[in-house]
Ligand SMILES: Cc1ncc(COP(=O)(O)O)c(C=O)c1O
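Form predicted on its own, single chain, as structure tokens, below.
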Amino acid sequence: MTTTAEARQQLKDKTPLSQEIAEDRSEILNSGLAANLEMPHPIFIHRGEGAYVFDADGNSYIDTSVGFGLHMLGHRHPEIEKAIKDRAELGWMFGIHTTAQLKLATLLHEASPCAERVVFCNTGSEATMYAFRAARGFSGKDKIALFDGFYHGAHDYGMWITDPTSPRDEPRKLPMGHGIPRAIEDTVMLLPYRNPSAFDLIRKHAGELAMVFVEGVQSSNPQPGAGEFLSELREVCRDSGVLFGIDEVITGFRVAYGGAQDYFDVKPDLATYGKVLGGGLPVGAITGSAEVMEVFTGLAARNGVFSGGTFSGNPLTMEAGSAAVEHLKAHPEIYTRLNASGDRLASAINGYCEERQIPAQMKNVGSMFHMFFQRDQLDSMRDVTNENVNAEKAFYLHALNRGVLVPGTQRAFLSAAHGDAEVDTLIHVFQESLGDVQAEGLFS
């Protein structure tokens, strides 16, 4: 058995350069990324290869962040690397339309069930912000309905969390930190996730709702049974005259080639994309029906909205994204294998926890997975408790010390570069780490 204190010291001993980097930058650079876990200093990654990343000290880790889910093919996939190098020889930024955009737009148009039209931007946050604007412009209504436990990016309209004292059937929202204008509070409505009360609230507020927007699979709570809820949600929105949007920033080209729309057989009016679509470079996209997407054809258009950005549709991203998506299109077996690997990982961890009476569980939808440190049933994030927060922190510390990196958000992923051997190692490391945390008596 290794104690938490021993694991922390071992990590410190192995990562002196990361500690030095943390000290050097502390007075200059404030990090905008989630650290991999709580410890005296973060781990700084120097390079990636396949399913692995290597820190500043040369230590290797099986990477379950894979760029917060975007490296569907693993780090430095040769086809993507070649596409970037070939494009760079021709120039990489022009500020006007390039010959590289139509190829990726066509691939997205063909893959996404709702994508009659495509607009590119730079990030998933931009994509959801523009989708909200499009819905408001098209409908003439101001309010967007989101679900408790959501994450739709870092713009002000998405920076809300659930008030834990509010009723489960009608949640209230609180701003996520300071700096969120109170003036926009009335433009966002919170709905209960996977709860039929949401349908009643949509019907009640249909006259003021521009759109109901939901993640294809909540990254904070990957529930394989989400499809039934999405299908009913789609029907309620249609009957209520409210636009229905799906955030595919994470699920697009991950849970299936056609994203959550294909995986769950549900078609929205609008969908947003990011992450996998860019092949590892910054990207966002808004797609949807031609009728709704017409608002993007210029300010002179009926209900026209503004969209634009210096780097939107830049040729480096377009070529990297096309290489990634074309490879996924040509190799549908990737999804079959990855989804099976995700199920095998979750089954092994959940079986171990049941056998050892450990209050923890792994939720997954295909290659997306998330550990929760409680026994209770989890339908939504309102069910999550913090009763084992010390055990949770210790678990991730042990896993990192054993060579497995899980992102600080705990939203983890497999990539096509994670083979059977890597999945076997993940199972072994997670089980050993859970055993150490249990032996130390950190579970409540």
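Fair warning: this is a prediction, and the values are worked out from it, not measured in the lab. Note that residue numbering begins at 1 and tracks the sequence as displayed.
Keep in mind the form predicted together with the ligand is missing from the figure; the text below concerns it.
Residues with any non-hydrogen atom within 4.5 angstroms of the ligand in the predicted bound form fall in just one of 354 to 362, 287 to 295, 198 to 206, 117 to 125: 117 to 125. When contacts are judged by a 4.5 Å heavy atom cut-off, residue 148 does not count as touching the ligand in the predicted bound form. Although the partner is absent here, residue 153 is a contact residue: one of its heavy atoms lies within 4.5 angstroms of the ligand in the predicted bound form. Within 4.5 Å of some heavy atom of the ligand in the predicted bound form lies at least one heavy atom of residue 219.
With a 4.5 Å cutoff on heavy atoms, residue 212 does not count as touching the ligand in the predicted bound form; it lies far away. Taking the partner from elsewhere, no residue among 63, 66 and 75 has a non-hydrogen atom within 4.5 angstroms of the ligand in the predicted bound form. The listed set 243, 323, 250, 134 contains one residue whose heavy atoms approach the ligand in the predicted bound form to within 4.5 Å, identified as 250.
Of the residues in 264 to 292, only 275 comes within 4.5 Å of the ligand in the predicted bound form through at least one heavy atom.
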